[in-house]
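Following this are structure 1 and structure 2, which are two forms of one protein chain, each written alone as structure tokens.
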Structure 1
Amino acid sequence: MDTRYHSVVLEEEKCKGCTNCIKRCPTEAIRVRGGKAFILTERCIDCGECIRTCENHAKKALADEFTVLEQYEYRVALPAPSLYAQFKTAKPENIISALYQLGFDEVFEVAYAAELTTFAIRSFLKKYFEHKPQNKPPLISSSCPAVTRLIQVRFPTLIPNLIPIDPPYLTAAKCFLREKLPLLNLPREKVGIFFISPCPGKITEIKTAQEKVVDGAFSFNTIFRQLNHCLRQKKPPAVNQLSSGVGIGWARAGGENLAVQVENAMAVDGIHNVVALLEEIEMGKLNEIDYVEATACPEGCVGGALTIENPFVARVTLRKLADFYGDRKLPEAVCQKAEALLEEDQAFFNYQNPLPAKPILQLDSDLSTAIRKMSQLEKILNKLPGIDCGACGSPTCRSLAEDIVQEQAQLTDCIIILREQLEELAQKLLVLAQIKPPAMGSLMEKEGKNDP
């Protein structure tokens, strides 16, 4: 896997070199150098917080362009349920019909896949709770890619707590490949499967997958204009949607929990809230909770960094949709379908690979060197003003100290230190300036004492 690939990138010409993004990044993955922000790729988890924060819109996500569809004979759209919440009046069936109109040959609803996933999670949890170990930290949903990556880089001890069930968009693609592809009489490479994504996290996941299940991703931004154009024609829907309110509801914070129906479940949204909660979980403080739904974006996927509608408005729209299509009971047909899939292949819904830990925080791979650097770091930190102003281009004084220890920055990058040094220098200059040359009197002063 190309771990250096990220969908979140900087548009240099728009970046003004301000410090807003570096302060908000949950993994301290951004620095400002030479007047421009840049991303430390091994630290970035593609949560999209910087895209959301940047007032100059200098951060963006590299999604596919629409023209990529031309490379395929058969095009499949996987619309995220959060897409349904981007329009005030259009119903899911209108949106799905519009996607067909845009040139997709098939639309496989991720909301429907979320219902199959709901069943898979329920079965997994049922087995788990039969032999639930006492006093263990809660299980954590794997549906948000930024959260799973956050766990890999900052909370590796919690990797075993992630439930090994694929997120719904992958299940949608897997279902299509299993059931529909064989009927098409086309080689796999002629079929393009595209996720319509509310967030950069899933785009990165798709682009870096070891085994390609989904071929690409469009952001809501890319597709919004054309989709809106189709929707404004107000044609009657050509198809019915398949999903109920249970799957649609997944797109908002708490929706997955509502679907899965675990007692003692907890939902947390917003990446900084997630970090705080994972800290508590790692300390063993939340062992009485059984299941945690964690989403990086505020309000859940409806608040994705690539969405159009205001997250709170989208949440209301989505809640109404979920309510309208029934979000209290998983449809019987879905249960039967998921059960059949599990019977054919017990691991159908599971990850293909166990997630590796990707620790980013260590100062050095050699312990003695790391200890030496840590002592240095603390010494430097004591000298720094501790106001975390960010003017040096590092997010906090501590991270500047770390950058200095790692020889990526120097002490005078701190403007406060620089001013102190300038003051010292200025005082020395003054003293020097006040010394008179011998011709003007310094000899006179010395005369009394030193003249032999």
Structure 2
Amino acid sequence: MDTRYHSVVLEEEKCKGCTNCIKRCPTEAIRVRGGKAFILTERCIDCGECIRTCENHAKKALADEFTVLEQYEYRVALPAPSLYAQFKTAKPENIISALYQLGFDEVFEVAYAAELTTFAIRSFLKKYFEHKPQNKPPLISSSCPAVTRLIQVRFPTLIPNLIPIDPPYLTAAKCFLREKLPLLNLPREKVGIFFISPCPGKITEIKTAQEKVVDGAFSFNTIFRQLNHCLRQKKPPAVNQLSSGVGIGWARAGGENLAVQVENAMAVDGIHNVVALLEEIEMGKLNEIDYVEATACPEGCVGGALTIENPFVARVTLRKLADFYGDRKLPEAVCQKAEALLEEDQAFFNYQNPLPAKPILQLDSDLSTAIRKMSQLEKILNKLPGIDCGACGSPTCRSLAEDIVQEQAQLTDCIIILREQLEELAQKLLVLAQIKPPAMGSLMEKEGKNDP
């Protein structure tokens, strides 16, 4: 069982056991038992869908507290492009300036790193398409960690279709470490690099990384109040901004496709839409598509579970910003910089380690035991009503059958079966109540005759 760290956690005292979350989880990672929900860590992909769904605010994402900056002599902020869409009137250069005023010594724009990543993806796709086999499933963007994790646990056969390019925030951190860290005359452990994240998926990815490139993450809802106060009261002056509209536009659904400029590409946003699309890809129905941009959050990163602004309003704000700063052409300086990085190190933008498959339906590590459990599962499933109501605390009848096989639930957790058994028991009790023992029967008859 995978017991890795998850940024998405449950506050049990707030949970009402309503079962709304179990129906929305794309990997069936939530159960309700004893009136309280709990998360199966081996299934969770930290997409944040349960945070959106829970009306009782019982789900939350754990991010770093701002006081962690005190542990470092030099502090670097990596603001996600979607941060710019949280403020209707402030420009990116003002937001960057406000980050400096909040205590960061340097701000490295992830939007700028997205432009470098754009060049790297274009270079990778150019080589790939030169030798692409016929009838090959589309390549899939690896920029959204929740989608990457979804593929690992639910669609492991599609792992080879993920392009091996790091997401922009990692590119930003690696650029800083390569170019700026040697100039600081400070050991690496004295420099703190923090991503400002719109979603729990990236926080989890940072916390569980085998190689610590980024030291931590602040969520938008953690830093928003201080930033907003700084922008309103102190009115920070504008600073030099490296990114253009190409990188800023990455934060909205379709923005990556617009930047990469693959002609036969498509974009999908929202985790359930992504699941449906991946199912079609796995069945070989979309082989005519070359490239898929998939984001777990609705409207893209601007709709992240940890954002403040309405995702539809934020997308409009971001579209205007991208258009204002120019989102149609990758700046020549960016192309030259990315090309130089690739010349120095062909693997600079690539994954450090290959992605492993982490299938969620593993009934047992022993094959013979797993086969026996699968047979038992099918027998139990035939007994269940198949209506997937969720009243049992499992999202579907099949997931309840899995839980029963794994001895984490019982058949009578299904209210339909429980009602049938109660009705059967009531009928038996009624029949038993009408039966008179011979001794009592003769005695009662005599008493009846003696009554006046």
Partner chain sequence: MILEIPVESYNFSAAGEAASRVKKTLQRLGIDSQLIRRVAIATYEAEMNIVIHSDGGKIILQVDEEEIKVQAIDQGKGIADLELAMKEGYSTAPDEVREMGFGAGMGLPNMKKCADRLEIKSVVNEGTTVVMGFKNQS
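So that the term is clear: the rigid core is the largest set of C-alpha atoms that superpose within 1.5 Å between two forms. What you see is a predicted model, and the numbers here were worked out from it, not measured in a lab. Sequence positions of structure 1, starting at 1, serve as the residue numbers.
The form predicted alone appears here as structure 2. Fitting the two forms on the rigid core leaves the C-alpha of Asn185 displaced by under 2 angstroms between structures 1 and 2. Comparing the forms between structures 1 and 2 on their rigid core, the Cα displacement of Ile39 stays under 2 Å. After superposition on the rigid core, the Cα of Thr369 moves by 2 Å or more between structures 1 and 2.
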